[in-house]
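One protein chain, two forms: both are listed below as structure tokens, the first as structure 1 and the second as structure 2.
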Structure 1
């Protein structure tokens, strides 16, 4: 009887500790907090390891890719001990994304057709993606989607994968960024595994490549992709591509590739209209478990017009300001939060940021714009990107342009990396605080 009481007490203590950890994560990482965090449960907690059971593998993958740092930091803050985190679902522990190169694509749990807000700006792209996922290789092949960053291209690509999985559970799918394709091709050359590389990508039922403009000025990768495209197309396998520009407008891309990109359906996504932005804000708020009125949604949509990522950033600001009380966010709080967002970067330029960062780390601006990859250059460069994203209203492309003409996916990676380090590395956190103060002055 005594042992049973002790076990019950320990289980209750672990549950309370875990609930505190989840609430702490919501404060530390508002950008990635989701309503379904409340469905997470402890699977094992002992020996310095906290294993968290998730609703499904997609949510486990999302946590592993985006939240491992914030959960680790929160667990260590709450318990006062070093704690390692594992995420699992369906009896399987999710692995690092880097260790699953040949595995099925890891999909974002938010990126479904049901969660995609359809408007005049994206109606054709949305309809064509549904058609493709219901009829691989026959309806629109290839399907080429283009538009500026942050308008929903990647969302639709994830949705195609998910719907294809539902329709054809045994279908072989490869979904990766063009940068990943190039890097894996280079690695295959270096390791002498080109035959395996070709077999992997030329025999799939569905190949999706995001940000295909990354192929520009990469002649050997262009050659490999040309043959991969032909092999799939000739065998009536589905190809879906995305880019920030139309096929004929991507610089330094050979005509034999652009002509193939145009042989199927080419569809554009434009910036969302006001009404579509209102609907997007409402949808994104529900996914995060936020209660906002129609007035607040209209306020955000009226003030933030650039793209969907900016709308998500506004919601993150509101979430961070109001905490996790669950109360409906009022118009006054929304105006204050958005006013602060707007003021923060009003007088800050990317040039200001580069000047402060280079002085702080004792590097030259030319080094940040170069192709150097040493740690002493890479870290200041990524911090510049992170601060430019946080303190200015410039797009990812504009930020990359100021730092050596880098692709917007490179800027996104830098922002994600520094944002994660900010949660787990006290040194980086203090440096960011100091740099922000100097930039503001």
Structure 2
């Protein structure tokens, strides 16, 4: 009887600690906090390991890819100990992304057709993505989607992938960024596994490649891509591509490649109109469990025009300022919160940050993206990561991608380290102030 009471009490304590950890994560990582975090449950807690049960594999993958750092951090803050974190669902623990090359693509739980707001700017792209998911290889092949950064291309590609998986659970799908394609190609050459590489990509039912502009000036990869493309196309397998420009507009891509890209359907996404932006803000707020009034949604949509990622950045700021009280956020609070955001540099891009930081420390951008580990390079690199995290709404992965394809744990570590130095090191602190000033100019 006594034992039972003790066990119950311990379980209750663990549950409370866990809830405190989740609340802390919401503060530490507002950009990635979602309403469904409240559905996470503690599965096991002991021996320095916290295992968290997630609603499904997709959300577990999202947490592993984006939030492992903030959970580790939060657990350490709340318990005072180093705790390692595992996310699981359906009785399986998710692995880190890098180890799974041939595995199923990991999809972002937010990026569904349901969560995509349709407006005049993207109606055609959206409709063609749905058509493709419903009839692989027959309607539009290849489907080529282009538009500026932050307008929803990657979102739509995830949605195609998910929808196809639902319609045809046995379909073989490969979904990767063009950069990953190139990196895997290079490492296949290095490790002598080119035959496996070829057979993997030339035998799928659906190949989705994001950001093909990355192929420019990579001649050998273009060649491989060309053959992969032809093999799939000749077998009537579906190909979906995205880029930041129309096929013919991407500099230094050979004509034989761009003419292949054009032979199916090419569809453009434009910047969203005001009404579409309002609807997107409302949708995104709901996903995060935030309640905002119509005026607030209109205010944000009025402030940010070009890039939807920035609309989300504004919501993140608002979320960070107001916390998760569950109360509706009014216009006065929003104006105050977003006014402050403006002074810390609205519209800042990672490229701006890299430009300013490399000029300041007199290093080359290529050095930051290289594997060099000397301190004269690592410090500016880590500072870039820290500032990108602070001044933009890019995910850890995206930031890592801009800095030589580093993974999210590296970025998290850099942010922690520079964040710590900012508290203790006067020199770093004044450098950060100066850099922030230059970047927002």
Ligand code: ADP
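Positions refer to the first chain, counted from 1. Only the largest set of C-alpha atoms that superpose within 1.5 Å between the two forms is called the rigid core. Please read all numbers here as calculations on a predicted model, not as lab measurements.
Matching each structure to its source, the form predicted together with adenosine-5'-diphosphate (ADP) turns out to be structure 2. Remark: with the core as the superposition reference, the CA shift of residue 35 between structures 1 and 2 stays below 2 Å. Once the cores line up, the CA of residue 209 ends up less than 2 angstroms apart between structures 1 and 2. Relative to the superposed rigid core, the position of the CA of residue 417 differs between structures 1 and 2 by 2 Å or more. On core superposition, residue 389 has its C-alpha offset by 7.5 angstrom between structures 1 and 2. On the core-superposed pair, the CA position of residue 377 changes by 2.4 Å between structures 1 and 2.
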